[in-house]
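A lone chain, given as structure tokens: the form predicted alone.
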């Protein structure tokens, strides 16, 4: 359903919407994946990718190839597309595009802090960071001993600063606290992004609220499953759930008291959109849950392209491209380790 945005959208957003729809047409198809799954070596994968949009990024790479090289070069394509769109964007689209990278920033912060805790080399950690989540002072994260220092020394000048208000404590950083910090930051980020999209209104608000609600619900399920059998209390668990989404608030009350995967399943089966996800799993099984959620997310992201005059296509394209890179990483790892029988286990077909 369109409002008045159909009249004025193309003044500032028309060119970029055309660009992003063109990029979407360059995503790998089922036929491409079937060909990739037949490959015998990483050089074969490179040869198949040479006919796609990844071709120019891989053409000068010498043999023998490594999986990390393929993933790195494919990510570079995503980063180049993103930077091109960001350079051309005007408000409020430029802010919307910046919001998309905050999740990567949170992941990078957690990666560096965890790595430092385990005495890993900072340079090595920086190489593993996602390029979309880099910021100027990221290398100095290694000096922080607790949340308060982390905020005061490093994060106060980054876009993540407002999200830290809920998790500034003087507790030392250990694995448990870092994981709680990640989820608290993600909660604040998703709620902020949701409010921003609601403020934009129109088709953007309609489609993005659905996509972000799905993301919030998926995180709630993952937090519940990962915290079963840990010292996290029910109240602490509930505090990590986002305050929106299909499960909010009654589903959150029920998830907070779940003590095994089958109880989580019983809660989720009360919600029709999630019944199909859990129907794919046998009882007591959670290994395939991630893939089932990814498949559902891809379906929803593809539907975002069915409407015009909204910003959700930019979010959808970035997410689909990230899923494609995950697929390529899995296929490359299976080929490199000679595990071709498992190649279809984690590939999520996009088209």
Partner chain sequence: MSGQTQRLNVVPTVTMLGVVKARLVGATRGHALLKKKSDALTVQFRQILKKIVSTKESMGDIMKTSSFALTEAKYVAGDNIKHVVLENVREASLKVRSRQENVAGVKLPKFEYTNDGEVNKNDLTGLARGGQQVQQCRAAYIKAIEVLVELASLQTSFLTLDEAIKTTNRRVNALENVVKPRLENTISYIKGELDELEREDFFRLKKIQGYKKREIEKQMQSAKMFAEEQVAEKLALQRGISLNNAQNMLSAAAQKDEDIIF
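Positions refer to the first chain, counted from 1. Between two forms, the rigid core is defined as the largest C-alpha subset superposing within 1.5 Å. Because the structure is predicted, anything quoted here is derived from the model rather than measured.
Below, we turn to the form predicted in complex with its partner chain, even though it does not appear here.
Comparing 115 to 123, 80 to 88, 264 to 272, 192 to 200 against its partner chain in the model of the complex, the single stretch with non-hydrogen atoms within 4.5 angstroms of it is 115 to 123.
Contact annotation for residue 333: at least one heavy atom lies within 4.5 Å of its partner chain in the model of the complex. A residue is said to contact a partner when one of its heavy atoms sits within 4.5 Å of a partner heavy atom; residue 300 fails this definition for its partner chain in the model of the complex, lying far away. Residue contact check for residue 128: one or more of its heavy atoms lie within 4.5 Å of its partner chain in the model of the complex. In the model of the complex, at least one heavy atom of residue 222 sits within 4.5 Å of its partner chain.
Residue-level contacts in the model of the complex: of 111, 212, 277, 256, one residue has a heavy atom within 4.5 Å of its partner chain, and it is 111.
Taking its partner chain as positioned in the model of the complex, the residues of 320 to 343 that bring a heavy atom within 4.5 Å of it are, in sequence order, 323, 326, 327, 329, 330, 333, 334, 337, 338, 339, 342.
The Cα position of residue 225 differs by less than 2 Å between this form and the one not shown after fitting on the rigid core. Comparing the forms between this form and the one not shown on their rigid core, the Cα displacement of residue 112 reaches 2 Å or more.
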